[in-house]
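Okay, here we've got a single chain as structure tokens, the form predicted alone, with questions on binding and movement later.
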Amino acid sequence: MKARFALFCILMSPVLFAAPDDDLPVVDADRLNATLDHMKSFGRNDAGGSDRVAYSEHNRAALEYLSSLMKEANLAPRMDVAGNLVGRREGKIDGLAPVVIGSHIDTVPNGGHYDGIVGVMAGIEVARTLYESGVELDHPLEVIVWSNEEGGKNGSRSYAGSVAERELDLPGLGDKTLGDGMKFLGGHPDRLHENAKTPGDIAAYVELHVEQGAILDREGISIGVVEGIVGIRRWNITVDGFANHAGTTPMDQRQDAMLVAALVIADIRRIILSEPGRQVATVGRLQAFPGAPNVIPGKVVFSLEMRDLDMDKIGRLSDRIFASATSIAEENDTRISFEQFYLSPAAITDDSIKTLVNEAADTLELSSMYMPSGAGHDAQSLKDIAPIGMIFVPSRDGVSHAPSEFTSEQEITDGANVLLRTVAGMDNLFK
């Protein structure tokens, strides 16, 4: 009884305090889901999806709404030079770098209502819950709405200083260049260098996101503890044979580039499945030349993409694929070449943040599992700047980037409560 009375007195005191984890409040589930539901109005289309693409009128109007919510959460909002909306509340200890929560609200054309948006709405609700409960962190707290995640992560990449000047003239998803889009939101693309951060400028970063896959939903697990964001390598593979008449060239005298491509593509699957793990490989594009039904293809070009948390594994498996492909090409009197055109290194999440997420789920009696992120996220832009962490909540049937994308209100609430406890733990840990 005395302990309860003491806690009551602290909560009623006008002096803010840093509560231990066991005394942390929970988010207002009704308010969180109501604000998320209102976000659906910005860009909702007749198909039931969202057209809130980056730098659109819908995008800008939604940011104005979020700015008002930030003020209610005692966060001071500002638009930075890259068009990121940043809400900040100072901490109790001067000189500490901020603990940052972030995600995005821009969608693909005819996208869903949960990808990115869940993390933003939960982040603002966490800040508001801490404020209304009288909990003040030692660190400053920042909630960031990254701009143009779907179009190239330009907002978060500006923190890494990796947005090249030439990119500003490239077309965005809408009718503006990236530079014009940043200006439209209130940014200053000519001053992007001002956003660049160095290690120590951010104490730690965490992002809540819908899984976008079906693992959590299929397994009935509430929380995904993200081990990292997979690395990606992409190649163009070219098979050179000899184009000849399809009717007059005997089967045993052909230099058929399409046959070789087919054999190599089948072999890619065999090699990828030859060792345990979550590595994936995809051939998503194939072109045959000259491309006539009555001509044996003399040249075939196809793409290969590989993803895994372990970049060394990607390298090892790709070497096996290329060695086998070279043998297949030689056996069929053709030539094959490999040209890498894309590399995105894996972003491994911080061990201590993973532990905080897992412990938060345990405290809330929520099931959890460790898992990689097969999709890219803003968090990976910060991997060389600060310790990063991610929290996943289920996506029904693994659907994402589509109007039928769905995560339940309870799952969103569970994720927000795990986020709150993770942020509190990060505040205690990263000093």
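Don't overthink the numbering: it's just position in the shown sequence, from 1. Predicted model only: the values in this text are computed from it and were never measured.
The next section is about a form of this same protein that is not shown, the form predicted together with a further copy of the same chain.
The shortest heavy atom separation between residue 95 and a further copy of the same chain in the model of the complex exceeds 4.5 Å.
Heavy atoms of residue 314 never reach within 4.5 Å of a further copy of the same chain in the model of the complex, leaving it off the interface. In the model of the complex, residue 296 approaches a further copy of the same chain with a heavy atom inside 4.5 Å. Contact check for residue 338: no non-hydrogen atom falls within 4.5 Å of a further copy of the same chain in the model of the complex. Of the candidate stretches 351-359, 86-94, 185-193, 249-257, only 249-257 has residues whose heavy atoms lie within 4.5 Å of a further copy of the same chain in the model of the complex.
Of the candidates 161, 171, 291, 200, 291 is the one whose heavy atoms come within 4.5 Å of a further copy of the same chain in the model of the complex; the others do not.
Shown without its partner, this chain lists 343, 266, 76, 323 as candidates; in the model of the complex, only 266 has a non-hydrogen atom within 4.5 angstroms of a further copy of the same chain. Candidate site formed by 56, 111 and 176: none of these residues places a non-hydrogen atom within 4.5 angstroms of a further copy of the same chain in the model of the complex. With contact defined as any non-hydrogen atom lying within 4.5 angstroms of a further copy of the same chain in the model of the complex, the contacting residues in 262-285 are 262, 263, 265, 266, 269, 272, 273, 279, 280, 281, 282, 283, 284, 285, given in sequence order.
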